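As a starting point, one isolated chain is supplied in structure tokens, in the form predicted alone.
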């Protein structure tokens, strides 16, 4: 389970402290698929990063009894002076994953070829995203965090990404940020709306979208 209890996040600006998330309460159980809706700049990506432990918060508590991925295609944790393979080996040691098995999977899935032996600083943004997604699939998390971008590359690669994430791992919990109504309906069992730092909960996705549409008017 993932549980957020009265979590608040503030950013320091030139004009003082700006609240982004205020008293957020959220619970996600094993196998549950949650959609997060909100305007641009509402704090959706910040919330995802807090859940994944990528970013810190000032108040509240986050309890995790499930393993949680970093946001898919997030490459911020890479060491750019190291090669793709060196980064993979380092991550495998952190998560106690068999390096040989993970290397074979990432090499085949990412299709980066000889670039796996090149420093990350030589990668394009798309190549870094492909590597990050492949490593995410090489480590078996209980919950996957998906922030807008589910797949990268050409349409054929999109199909492979969706198969790995939504078919092979259909039993895993997923927390999804997306503006695509059909995507949320297809992959989520319920949804929440983030508005003015507060989180509004809905059991029915259509109710969440009606509320979300009202916030855009």
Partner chain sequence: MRDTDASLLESVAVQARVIKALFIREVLTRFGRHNIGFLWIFVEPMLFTLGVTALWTAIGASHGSSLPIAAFALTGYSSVLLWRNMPSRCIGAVLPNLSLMVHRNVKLIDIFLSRLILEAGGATMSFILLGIVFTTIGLINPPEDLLKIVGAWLMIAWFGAGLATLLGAWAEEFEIVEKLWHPASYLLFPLSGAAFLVDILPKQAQDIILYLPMVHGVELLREGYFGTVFVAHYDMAYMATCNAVLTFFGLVQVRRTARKIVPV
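Everything numeric here is computed off the predicted structure, so don't read it as measured data. Positions refer to the first chain, counted from 1.
Keep in mind that the form predicted together with its partner chain is not shown, yet the notes after this line are about it.
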property	result
Stretch in contact in the predicted bound form with its partner chain, which is absent here, among 155-163, 176-184, 47-55, 31-39 (heavy atoms within 4.5 Å)	47-55
In the predicted bound form, residue 86 touching its partner chain (heavy atom, 4.5 Å)	yes
Contact of residue 188 with its partner chain in the predicted bound form (heavy atom, 4.5 Å)	no
is_contact(residue 124, its partner chain) in the predicted bound form, heavy atom dist at most 4.5 Å	no
4.5 Å heavy atom contact, residue 64 to its partner chain in the predicted bound form	yes
Residues of stretch 185-212 in contact with its partner chain in the predicted bound form (4.5 Å, non-hydrogen atom)	none
